[in-house]
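In structure tokens, one chain follows: the form predicted alone.
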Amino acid sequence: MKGEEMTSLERVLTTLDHREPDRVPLFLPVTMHGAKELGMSIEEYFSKAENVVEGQLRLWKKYQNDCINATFYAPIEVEAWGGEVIFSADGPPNSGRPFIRDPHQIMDLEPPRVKETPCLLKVLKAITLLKERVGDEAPIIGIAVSPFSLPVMQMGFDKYFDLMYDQPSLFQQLMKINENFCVEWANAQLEAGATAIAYFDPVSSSTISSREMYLETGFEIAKRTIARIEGPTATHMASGRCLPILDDIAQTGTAIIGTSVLEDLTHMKTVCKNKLVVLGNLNGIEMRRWTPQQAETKVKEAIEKAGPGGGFILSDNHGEIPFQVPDEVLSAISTAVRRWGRYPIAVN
């Protein structure tokens, strides 16, 4: 296919094979921007599957994105357990008060049944409708928070880390419950039409966990969980560093690693060669203040560092573009990829 215009799916599959496609793929996770497109509040936008479908399809065409993001919001998973979700006017929904307030609740905890839970069914409906509209033209990306990272929303950071160190038997019980939920949730999305699952695991990042801690916890949990997910996965640390554990992550069975803006793309690409596809690492926070010219410069720099040889997908570094990033900047990123990302790479 080299030298011809590929579909987004062909472009991504070639990249996953660590070969050069026609150009560098672009993943813009504009989860909330669909609300702007439809003139809705963020809460109203996420209230119906049809809204998300229409919003994501418009954004896909508008920015010539190489993926369709089927994500609603991260705390939809704790909403499924009966937890609280707090909506804001100009930012992502957040989890409210943790629903595990006493660690001993874990012994009686049962995961939600995915296909009987209204908020999760809404996501599955959106994925099915997107698949009907998109077919095999572009990958549809689902999301599952890792069993090791989900407890931050289930019980809060401090109580979770106390549990990990002081009550290992309850920690293991919570991991067992969460692993079963994560697998059922990921596989339901794949069954609905998702092409791959983004496995979000920020607690495993080197920003939060030491390598020794990761090998004892998040690593083993990821190996068990990813082995049971019936489709490809991309591991994302949601801005956290991962360079010290890249070789370990490659052993979990995942295909892609999301890269922090705090890590050098040239080094990342070298370490990941033929083992992991590098995804990243534009700074979404700074992106809110970029001019279109600055956006082009950042895109050029990223492509120059990680584009040659394939195995690179340009994206942000967090997994979600902030709501405040203006259309003109997102359009400039898209235009710059088409100008500077064609293979063979020549950005000088």
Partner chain sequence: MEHLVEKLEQALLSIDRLSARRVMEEAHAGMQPMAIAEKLLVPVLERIGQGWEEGRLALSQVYMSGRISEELVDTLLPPGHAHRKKQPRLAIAVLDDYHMLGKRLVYSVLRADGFDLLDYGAVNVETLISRTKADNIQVLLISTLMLPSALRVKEVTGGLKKKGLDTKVVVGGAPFRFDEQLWQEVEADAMGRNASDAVAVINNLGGGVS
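Numbering follows the first chain given and starts at 1. A quick note: this is a predicted structure, and the numbers were derived from the prediction, not measured.
Omitted from view is the form predicted in complex with its partner chain, to which the following refers.
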4.5 Å heavy atom contact, Pro111 to its partner chain in the predicted bound form: no
I'd like to check something about Arg241: if you look in the predicted bound form, is any of its heavy atoms closer than or equal to 4.5 Å to a heavy atom of its partner chain? yes
Going by a heavy atom distance of 4.5 Å, is Pro232 a contact of its partner chain in the predicted bound form? no
Contact with its partner chain in the predicted bound form for Glu116, defined as at least one heavy atom pair within 4.5 Å: yes or no? no
Within 4.5 Å, heavy atoms only, which of Glu132, Glu220, Glu137, Asp158 is in contact with its partner chain in the predicted bound form? Asp158
Residue (of Ile177, Ile208, Ala192, Leu246) lying close to its partner chain in the predicted bound form, criterion heavy atoms within 4.5 Å: Ile208
Looking at heavy atoms inside 4.5 Å, which stretch does its partner chain contact in the predicted bound form, given the options 102-110, 182-190, 164-172, 122-130? 164-172
Would Ser95, Glu286 and Pro322 all count as contacting its partner chain in the predicted bound form, using a 4.5 Å heavy atom cut-off? yes
